[in-house]
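Here we start with a single chain on its own, the form predicted on its own, put down as structure tokens.
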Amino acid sequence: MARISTIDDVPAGTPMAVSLRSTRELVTGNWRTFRPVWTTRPSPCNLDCPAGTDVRAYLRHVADGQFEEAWRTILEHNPLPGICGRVCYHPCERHCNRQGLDSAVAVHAIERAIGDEARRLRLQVERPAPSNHARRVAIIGAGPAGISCAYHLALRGHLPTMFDAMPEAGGMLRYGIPPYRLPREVLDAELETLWRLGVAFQGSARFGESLRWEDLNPYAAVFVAVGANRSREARVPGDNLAGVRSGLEFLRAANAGTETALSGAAVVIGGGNTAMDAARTALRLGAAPVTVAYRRSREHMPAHPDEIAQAEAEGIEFIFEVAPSGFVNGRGRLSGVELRRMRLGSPDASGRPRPEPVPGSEFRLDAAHAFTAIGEDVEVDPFAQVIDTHGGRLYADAWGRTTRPAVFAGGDAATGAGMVVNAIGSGRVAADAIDAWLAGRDPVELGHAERVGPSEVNLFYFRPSARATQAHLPREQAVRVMDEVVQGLDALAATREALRCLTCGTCTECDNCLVFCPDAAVRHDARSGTYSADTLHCKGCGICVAECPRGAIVLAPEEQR
């Protein structure tokens, strides 16, 4: 096509408008009915983190090689990054917009790398200066909710003391989760942060026995976070035989070091994470074969898919759609488990198909050990005289406030959410509420915002790249020891993975909006790193919104002129 230098160069009959004058002479701003607004919006990972962590911010720090800044960003909400990077089932990855291009960012692996790097560098949290408003707060339960609450209260200058029925702090992190998933040196190192902040701990203090309500009178407030530690009973003949135990009881003994060896076959009843932990621990202590018997099909198992896959890889056998009908007595102790086939019926209250027994389908598995892992309840009785209960849990509102002044409750005992990260979030929220109550004010309500969805990011500007994978111990080695099975990412691999983050909902000054604006109506202030619209020329076409890779620009209706 010939070059057009003057109006005479335009071929006759060309169906186009042509102007050789500057577009700046065309004041098109009065066409505008919408105006672009540069804004910061919640990313899916931020909104989906139950602990409230600013995931997007710490991923960006790691992408820049700033591991200490990333660690301190996490600690604004969560004192246990190395632990969460291992045992959290990463709901932050569930709606990652990167999945529209290839696969979600491995946030959990990056968080673990941050925690491990902080441990290697011996990073520490500074203890706040003594406060004239410091108050003593009792925390019953030293699991993740209690730890989180104590940490955030200590950061605010208060004097928390954690009480726990077990001799050491950690709750389910220490006595429920096996070391091959959570090494104890990681737990101890992250608890060290609390001790440095001045948090006190009193172990072997079971509420209702060695710890009474009157003992808490010196404290200005109480937070109850005792978890759900009472296993549901199978309620079939023989469930009191020697050799039949709850999965939690077995894990508690194994993790405390009082159960060190098993022999013979083991059957685990249940399909949740406790069942997977019990089965894999039994295998490591010498039981063989180890079989998991679950009453529904595999796709309805409540255990996390990663845990199921790892159990299978280690040689755990699974039998689906069966339920125990009895435990067999062989000279005073367990010799086998009677199982009955089930068929899946219409959905029950959980939305999953209701298992229905198939008459005459009983069969037997030989077993020297049977571990029941069919759910856990809260031991509410010791607290029933102090706190209202509801549905088998301690009653508390969204802030953890019970109906009794100065008494708060959280974690599994109140929420029933069941994940470590939910308990951590519950403890942080309760700390906010306790601090507010001690100061005689209401806690600050947070606003609600819509996440940046898949249709609001422009994936054209991102290249596909494979998600980082974590190595596993070889099966032959893993099943003989309690060493950590899933290996971590080193700093370089974590940085590469963090660079896959789309940084949804926030501006990174890529200048796409400025480059693509047909009216040259976008202004960039390099000093503040902000953009704005030249209202004389911006006609609100929305091209800047469409070309923004991260959904950090929205169109707002223009006020009527």
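Remember, it's a predicted structure, so these values are computed and weren't measured experimentally. Residues carry their position along the shown sequence, with the first being 1.
Omitted here: the form predicted together with a small molecule. The next part is about that form.
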Next item on the list: Determine whether any heavy atom of Phe163 comes within 4.5 Å of a heavy atom of the small molecule in the predicted bound form, and answer yes or no.
Entry: yes
Notebook entry, point to check: Heavy atom to heavy atom, is Trp399 within 4.5 Å of the small molecule in the predicted bound form?
Noted result: no
Margin query: Can you work out whether Glu190 and the small molecule are in contact in the predicted bound form, taking contact to mean some heavy atom pair no more than 4.5 Å apart?
Written below: no
Next item on the list: Look up in the predicted bound form whether Thr291 has a non-hydrogen atom within 4.5 angstroms of the small molecule, and give yes or no.
Entry: no
Next item on the list: Spell it out for me: taking the small molecule in the predicted bound form, does every residue among Gly171, Ala225 and Glu307 have a heavy atom no farther than 4.5 Å from it?
Entry: yes
Check: Where, among 191-199, 262-270, 325-333, 420-428, do residues come within 4.5 Å of the small molecule in the predicted bound form by heavy atom distance?
Finding: 420-428
Note to self: Looking at Ala311, Val137, Val87, Val186 here, can you tell me which has any non-hydrogen atom within 4.5 angstroms of the small molecule in the predicted bound form?
What the structure shows: Val87
Next item on the list: Heavy atom within 4.5 Å of the small molecule in the predicted bound form: which of Val485, Ala367, Leu251, Ala234 fits that? Just give me the one.
Entry: Leu251
